[in-house]
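One chain follows as structure tokens, the form predicted on its own.
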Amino acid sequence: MTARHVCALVLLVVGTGVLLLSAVGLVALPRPFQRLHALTPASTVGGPLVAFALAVETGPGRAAVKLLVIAVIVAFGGAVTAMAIGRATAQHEHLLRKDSPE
């Protein structure tokens, strides 16, 4: 087992752990904002760590670059999606006006 395999395995275990903890939080937490708080690490940390693990495992090349691009897109897309869902939930619960710019 080489250092590359060990690094990929550590990244995969940590990413999978974050995803599992987020899933437990999704089931255990009752309110929408709490659930959103539990899901945000899954999309911003867990998914990209799994993609990084796969990129490390594949080694240098086109496939690794594709996996790194996917990791970056998932990380930024998850944060933007979390903000959009939070804003929509706040508007639905009348915590924020619908015509509010922020």
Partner chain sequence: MNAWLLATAVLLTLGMPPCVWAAGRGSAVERLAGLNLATTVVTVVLLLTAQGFDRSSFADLGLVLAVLGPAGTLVFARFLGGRSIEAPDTRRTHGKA
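Remember, predicted model here, so these are calculated numbers, not experimental data. Numbering follows the first chain given and starts at 1.
Although not depicted, the form predicted in complex with the partner chain is the subject of the following passage.
- The partner chain in the predicted complex is not approached by residue 14, whose heavy atoms all lie more than 4.5 angstroms from it.
- Contact between residue 26 and the partner chain in the predicted complex is found at the 4.5 Å heavy atom cutoff.
- The partner chain in the predicted complex comes within 4.5 Å of no heavy atom belonging to residue 3.
- The shortest heavy atom separation between residue 70 and the partner chain in the predicted complex is within 4.5 Å.
- With contact defined as any non-hydrogen atom lying within 4.5 angstroms of the partner chain in the predicted complex, the contacting residues in 53-74 are 53, 54, 57, 58, 66, 67, 70, 73, 74, given in sequence order.
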